[in-house]
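There is one chain below, alone, in structure tokens, taken in the form predicted on its own.
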């Protein structure tokens, strides 16, 4: 204990941490019936850190070229000590991170945590979800297996239907007309350089906003909370509770990686036929299924282009929700927006279920 105190004093002499200590002493978290949702954001951040650590370890052996990417992943899984475990944790962690991001987004939405002055917190969080989906899409191709190759081909083809600029977007994403080794190299650059830098910047803004504005209390509980405000100290009480969630998720990751190792599949072959029933990752499946229901022509217009345009408008609306939900801004019940959230969840679950169990 004395050694720890001496070490602390050594740092304090050289680095002024009084501001940090003052902040940690004053920082509190509201305690109410729904405060357990606050832990989801911390779990998501923990999974992101896990992705960084495991991604760096995989990067030591991965070779981003069409003639060696598959073999390098195969080498990681079969020859590198615990390589199969690291890759499985990275893959399962990516899926869990996106799952918890969705949970965090909807819990924030239903708690109306986007109310003034937290509009920018909501917008930065929505951008982080979009970046996480981009991480998933770009990372999916990197093992250069058959399923990822054709899923990427289908996914990038959707960009081509955007009126005017679709062809240019397609070429930018693929590095040419077709999915080739240039696409792999480009996606690798997105995955390990462009997206991490952008995500770090947006995440920093998001965390600063959360710390500056504090945790939001739902409008339905705000009156009761003001009458009897209960709080817990952010450090160490809330952090320790968060740590329990992190350990639980780490245990879940270990179980999933050990019992269900992430498969590599067959090496991509540009000249082979596409596998039957090919689908994107689960978090894109509801959009994929939606496009399957859209007719080719709608009033002499390209149906797929209209659908993608509508999806883009929907994403823009979702990001801009704080500026549309005027009732929530006045701390009034906004049943219409709550209904929108419920309908969206049902829509995602139903379309995903149909795609996996009732569609070829």
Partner chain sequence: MKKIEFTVLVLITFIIAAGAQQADNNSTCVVCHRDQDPPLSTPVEQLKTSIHNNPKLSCAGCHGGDPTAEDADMAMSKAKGFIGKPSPEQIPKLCSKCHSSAAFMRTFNPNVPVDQYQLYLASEHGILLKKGDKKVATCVSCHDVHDIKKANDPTSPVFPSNIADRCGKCHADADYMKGYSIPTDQLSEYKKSIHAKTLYDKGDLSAPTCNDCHGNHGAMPPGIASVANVCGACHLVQSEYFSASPHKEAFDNMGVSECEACHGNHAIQKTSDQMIGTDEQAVCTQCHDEGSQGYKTAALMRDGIDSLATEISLAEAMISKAHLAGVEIQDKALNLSKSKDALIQSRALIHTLSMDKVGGKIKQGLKAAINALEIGRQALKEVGHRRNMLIIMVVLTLLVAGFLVLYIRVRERNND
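Since we're looking at a predicted model, the values are computed, not measured. Numbering follows the first chain given and starts at 1.
Just so you know, the form predicted in complex with the partner chain exists too; it's not on screen, but the next bit is about it.
The contact residue chosen from 194, 208, 274, 250 relative to the partner chain in the predicted complex is 250, the criterion being a non-hydrogen atom within 4.5 angstroms. Only one of 189, 176, 236, 214 comes within 4.5 Å of the partner chain in the predicted complex through a heavy atom, and that residue is 236. The partner is not drawn, yet in the predicted complex one stretch among 108 to 116, 139 to 147, 252 to 260, 178 to 186 has residues with heavy atoms inside 4.5 Å of the partner chain: 252 to 260. Contact check for residue 133: no non-hydrogen atom falls within 4.5 Å of the partner chain in the predicted complex.
Using a 4.5 angstroms limit between non-hydrogen atoms, residue 284 is distant from the partner chain in the predicted complex.
The closest non-hydrogen atom of residue 228 lies beyond 4.5 Å of the partner chain in the predicted complex. Residue 241 belongs to the set of residues with a heavy atom inside 4.5 Å of the partner chain in the predicted complex. Heavy atoms closer than or equal to 4.5 Å to the partner chain in the predicted complex belong, across 65 to 83, to the residues 70, 74, 77, 78, 82, ordered by sequence position.
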